[in-house]
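One chain follows as C-alpha cells, the form predicted alone.
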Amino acid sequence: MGRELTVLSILEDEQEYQSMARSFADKEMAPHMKSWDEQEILPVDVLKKGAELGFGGLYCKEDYGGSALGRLETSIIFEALSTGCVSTTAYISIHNMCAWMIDSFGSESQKSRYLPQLIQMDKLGSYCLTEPGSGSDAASLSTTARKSGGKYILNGSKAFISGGGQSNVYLIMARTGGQGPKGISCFIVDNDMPGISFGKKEHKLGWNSQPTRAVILEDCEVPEENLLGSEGQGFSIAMKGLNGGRTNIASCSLGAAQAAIEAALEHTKVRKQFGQSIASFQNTQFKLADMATSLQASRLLVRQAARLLDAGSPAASVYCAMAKLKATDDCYQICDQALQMHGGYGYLKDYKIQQYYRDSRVHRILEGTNEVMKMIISRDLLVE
C-alpha cells in the first residue's frame, strides 16, 4: 500500500497540504516521537516551527494570521502530522479548536489580544469542559461564575485538561445561570489570573508528549470582557467546537493507522519464518487487505464529515459523530493488528508500533465517548 491511498479523492491543492504536513512529520516529529513519549516533553519549539507553516490557526480567518483553510484541508493535515506523532498532533488540534472558538465568537478586542499569539503558538490554548463529576453529561457541569462588579468570580475544577499547567490560555465553561445547557457560559482565562491553579501531572497510558492536569478555580477573578460570546451561549460554543474537534481527532486516528500499516508492511517484508517472509503468507496478506480497506473506509467518512462542516450542513454534527465513531474504533483495531504482526517485537518500546497503539486508544474516549456518538446518531435516526 504505502502512502498512495492517502491522496486518493483529494484535489491537487489538498495533495500539496498533505505533502507539506507529511514532510514536516517525517523530519520534525517522527525522529523524536519516542523521546517525547518517554520523557513526557511537549515540544514547544517544534510547535512554533509548525506555526510558521500555518499549523497554529489552520481554520482561523486571515485577519489575525490564520490560514483560513476548510475542515477538509485541516483533516488532511492532521492525518499527515499524526504519522509523525499522534500525541503532539492531537494537542495541536485542541489548540486549533480554542483559537477557532475565539476567532468565531470573540469580540474584536479579544481577537486582537489573543489570536496573533495563539496562531503563532507563542501562547498555547486548552479547552476546559470536562469535570470530575461531569464527563459525558457535560451539561451538568458545576463550575460556577458569579458576576461581581466588573469581574466574574469562578469556582470549581476541570479534569483531564490537555496542556494543563503548560498552556497559557484556557477556554473554561462555567455556570452563570440555572441548570442545564442554557445556564453555561464560556470564559477566556489566562494562566496568571488570580485564583487559577493546577493539579498534579497525570501519568497516562499514552498521549505523553502533552501534559494532562486538573485546572482548579478558587475565587478566580476573570474580567467581564473575557466572557466569550454572551451569557448562556457557552454550551453552544463548546458543542460547535467539538463538532470540528471530532473530525480532528478522527483524523489523528487515521494518521496512526496509516503509520501502523506502513510499519506492518516494512516488518512483514523483512521478518522471516519457516524460510520465507511473513508477508508471503496468505493470512498476512488478507489481514493487510482488511486493514487497508478499513482505513480507506474510515478516511472517506471523515472527509465527508469535514466537507459537510465546510458546507454548514445541518447533517454535519451527525456525520462528525459517525466519523469519530468509525475512525477511532477501526483505526485502533488497525494499530492492534499491526502490533500483532510484529509478534513479540511489537510489545517492545524500541518499536514505534506500540506507541501508535497506546496513543490512539484514548481517541475512543475523548471529544465525547464513542458511546455518546452512538447516542447522537441514534437520536437523529429516531426523530420523526
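Numbering starts at 1 and runs along the sequence shown. Note that this is a predicted model, so its numbers are computed, not measured.
There is another form of the same protein, the form predicted in complex with a small molecule; it is not shown, and what comes next is about it.
Enquirer: Checking a candidate spot here: are 182, 243 and 372 all in contact with the small molecule in the predicted complex (at least one heavy atom each within 4.5 Å)?
Expert: Heavy-atom distance to the small molecule in the predicted complex: all three under 4.5 Å.
Enquirer: Using a 4.5 Å heavy atom cut-off, state whether residue 168 contacts the small molecule in the predicted complex.
Expert: No.
Enquirer: Residue-level question: is residue 317 within 4.5 Å of the small molecule in the predicted complex, judged on heavy atoms?
Expert: Although the small molecule is absent here, residue 317 would touch it in the predicted complex, with heavy atoms inside 4.5 Å.
Enquirer: Can you work out whether residue 239 and the small molecule are in contact in the predicted complex, taking contact to mean some heavy atom pair no more than 4.5 Å apart?
Expert: Yes, residue 239 sits close enough to the small molecule in the predicted complex that at least one of its heavy atoms falls within 4.5 Å.
Enquirer: Can you tell me if residue 176 lies within 4.5 angstroms of the small molecule in the predicted complex, counting non-hydrogen atoms only?
Expert: Residue 176: no contact with the small molecule in the predicted complex.
Enquirer: In the predicted complex, which of the listed residues (76, 220, 97, 141) lies with a heavy atom within 4.5 Å of the small molecule?
Expert: Contact check passes for 97.
Enquirer: Looking at 298, 162, 87, 258, which is the one with a non-hydrogen atom within 4.5 Å of the small molecule in the predicted complex?
Expert: Looking at the other structure, the residue within range turns out to be 162.
Enquirer: Okay, which stretch from 103 to 111, 289 to 297, 126 to 134, 263 to 271 lines the small molecule in the predicted complex, with non-hydrogen atoms inside 4.5 Å?
Expert: Checking each option against the 4.5 Å cut-off leaves 126 to 134.
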